[in-house]
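In the structure tokens that follow, the same protein chain appears in two forms, which are kept apart as structure 1 and structure 2.
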Structure 1
Amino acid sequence: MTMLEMLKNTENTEARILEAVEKAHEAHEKLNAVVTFIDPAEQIANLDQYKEGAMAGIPIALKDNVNTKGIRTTASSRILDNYVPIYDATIVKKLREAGAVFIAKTSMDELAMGGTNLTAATGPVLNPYDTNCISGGSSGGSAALVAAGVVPMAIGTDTGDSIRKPASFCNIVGFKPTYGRISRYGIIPYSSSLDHVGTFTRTVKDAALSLEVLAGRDDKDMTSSNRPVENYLAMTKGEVAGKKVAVIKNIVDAIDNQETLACLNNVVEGLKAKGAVVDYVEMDQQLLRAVLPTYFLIANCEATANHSNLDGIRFGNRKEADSSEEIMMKTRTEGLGSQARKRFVIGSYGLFAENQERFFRQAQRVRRLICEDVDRVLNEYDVFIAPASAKGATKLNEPAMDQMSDAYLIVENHMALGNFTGYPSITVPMGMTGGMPIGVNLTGRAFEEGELLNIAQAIEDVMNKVGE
């Protein structure tokens, strides 16, 4: 059942919430998607207080990097295993005031550093469509619970594609709005200039409603926008006559999976049938190849600065030793997984005084060039689209791709364009490939979420018709 369907059926709300809790436990046994279960009893007792809220009685899940007062929040890292926040994130307050009921904190790649959800301290999150496959990351636990029918909406965060790639792999809608549209106060950070809060839902309209609840200025987050919150749900009509859509040709040309290309063709032809103008447009190939290394430098340099306090002295799950230096080394060695340690080493190297100009500042300049190329496309088109991945979710132990190939550098990492620019971006299901789901990603102009959601709704309508 979708969120909007639940809101129309207000009978047996308490039973529905308890059923979601039971489903969460059952799904966790198969998918390993939950870090901490939340007892909803107190929230249920207070339901009457929020009965007029936009999400009254809706059970939802939160990614485990969202601070929840009195509830353990680990970011799926051993170094935060004992962290119990003393305050709520702003989005937690907004959701509670809207009547949402929290039932779980979901697994993620450690400290949001990854795209597979294989690095969580609690182990891999498995895909509901095939438990031999990954869910995608870093927000894989939230994606898996929505895809498994446990909750109609879950919170994720997206630094490179960490909402939109799991959504593609799990056959659901993954949406991150414009940078600053949703407050990040109380979110354990990865990369401050790239991090976005967003949602997983089963429909585009549910994503629109979720944004209405979550969006808005927050003085506790000085990067949040003062722009008024729009009626996104009313704008999500699926009417695209005359709208201009660019398909990024560089990405399509690097895909050799014919099923994925056939799914994309269904999207393109469906949009044309609805009156949209669809063109294949080329971006700068060298800049697209530079997206991943640029992202890796900026994200990990910022992460190193953000998490410098995780040392067992100022913060973190302390491991005792004979000196403060040994405490810090032991805490980090035992508390952090290999991938997180690797990323901190890279970030530290990029932040060395003698390296900042050569690496970090240069990456920032390349980021600006990439953003300018994106603007070149969006100055002429309402949105640009491309497959979210070349294929569906990979097997848990599948060999890594050639990381110097365009299939990897461009196809599997292009969604970071939405993080570099901060522009709104959404992934919508577009079919199956190799028996696994695949999604199409759309990116639009800053703060034009209504337009993006409207076109995404048109694609959802097209795909529903194809599936009939």
Structure 2
Amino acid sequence: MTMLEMLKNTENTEARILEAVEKAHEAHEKLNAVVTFIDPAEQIANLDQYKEGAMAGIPIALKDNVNTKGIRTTASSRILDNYVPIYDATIVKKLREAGAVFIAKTSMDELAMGGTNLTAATGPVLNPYDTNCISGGSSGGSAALVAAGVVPMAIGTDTGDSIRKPASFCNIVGFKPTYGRISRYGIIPYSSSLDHVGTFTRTVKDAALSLEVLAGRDDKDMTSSNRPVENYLAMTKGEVAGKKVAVIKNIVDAIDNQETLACLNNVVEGLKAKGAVVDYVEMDQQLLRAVLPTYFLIANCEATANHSNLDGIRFGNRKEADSSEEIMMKTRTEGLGSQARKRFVIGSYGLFAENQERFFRQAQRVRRLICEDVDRVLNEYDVFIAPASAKGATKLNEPAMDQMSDAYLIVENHMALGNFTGYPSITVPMGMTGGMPIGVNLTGRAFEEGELLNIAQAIEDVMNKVGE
């Protein structure tokens, strides 16, 4: 059931929640998607208090980097294995007040550093469509639980494509709104200037409804926006007559998977049939190739500072030693996985006084150029679209791609454009390739979530028609 369907049926809310918990345990056996199960008894007892809420009685899951007061929150890192937050993230308060019921904290790449969910302290999350395949990351556990039908909505975070890629791999809708639309207060960060909070749902309308609950200014997050929250659900109509859609040609050109291209073609023809104007538009190839290295520097420079608090002194999995300096060193060395340590070293290197100008600052300048190129497209088009990936979820032990190829640099990393610009971006299912799901990604203008969701709804409608 989708969230909207559940909301229509307000009877047996408690049974529905308990059923979700049971399903979560079953799914976890198969998928390894959960870090901590939350006993919903107390929340069930309080259901009446929030029965007028927009998400009353809806069981949901939270990525394990969302702080929950009194409930263990690890960000899938050994260093936070015993961490029990002393405060709630702002979105946790909002969701609770809307009546949502939290049933699980979901697995992720350690500290959200990764795109496979292979680096989680609890091990890989498996894809519900094929347990030999990854769920994608970093929000893999949330994606898997929604795809497995456990919960209609789960919270994820997205720094490069950490919601939108796993959504593509798991055949669900993955949505991150504009930077500043949802408060980040209480979300264990990866990279402050690129991090976004967002949702996994099975439908675009559920994404719209979730945004109405999550969005809004939070004085505790100075980067959050004062813009009024809109009635996104009402704007999600699937009416695209006269809307202008750009397909990024560079990305399509670098894909050789004919199944994926055929899926995209379906989307394009479907939109056209509904009256949209669809053009193939070229972006600067050099800038697109620069997305990944630019992302890697900015994200990890910020991350190395963001995670300097993980020292074992005030919280976390402390490793005892003779001096406080040794405690910090031992705690970090033993508590952090190799991917995290590697990224901290790179970030630290990029920030050194002698390197900062040619690495971190240069990356920020390139980010600006890339954003300007995106703006060039969005000045003419309401959204731009491209396949979220060239292929479905990879096998758990699949060898890495050639990291210097356009097939990798451009096709598998372009969704970071939505993080560089902060613009709203959504992935919607568009079919299957090699027996695995594949999604199409749409990115729109800042704070025009309503328009983005509207066009995404049109694609969902096209797909539903194909399904019939």
Partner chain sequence: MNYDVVIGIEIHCELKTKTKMFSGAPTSFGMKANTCVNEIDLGHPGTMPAVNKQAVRYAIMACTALNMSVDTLVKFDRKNYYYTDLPKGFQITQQFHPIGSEGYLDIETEAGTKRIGIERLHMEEDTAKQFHLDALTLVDYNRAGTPLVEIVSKPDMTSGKEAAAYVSKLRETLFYLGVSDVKMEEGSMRCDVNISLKPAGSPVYGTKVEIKNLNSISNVQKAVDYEIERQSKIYDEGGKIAQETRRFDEATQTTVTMRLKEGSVDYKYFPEPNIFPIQLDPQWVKGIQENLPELPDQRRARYMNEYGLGSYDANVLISNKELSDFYEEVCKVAKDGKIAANWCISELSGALSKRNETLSTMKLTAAHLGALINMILDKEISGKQAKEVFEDVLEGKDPKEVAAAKGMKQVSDTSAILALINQVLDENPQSIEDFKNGKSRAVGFLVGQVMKKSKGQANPAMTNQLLNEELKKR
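Take the two forms, superpose them, and find the largest set of C-alpha atoms that agree within 1.5 Å; that set is the rigid core. By convention here, residues take numbers in order along the sequence of structure 1, the first being 1. Predicted, not measured: the structure shown is a model, and the values here were computed from it.
A.B. asks: With both forms of the chain shown on their own, indicate which is the form predicted in complex with the partner chain.
C.D. replies: Structure 2 is the one predicted in complex with the partner chain.
A.B. asks: Answer yes if the Cα of Glu325 shifts by 2 angstroms or more between the two structures on a rigid-core superposition, and no otherwise.
C.D. replies: Passes the 2 Å threshold, so yes.
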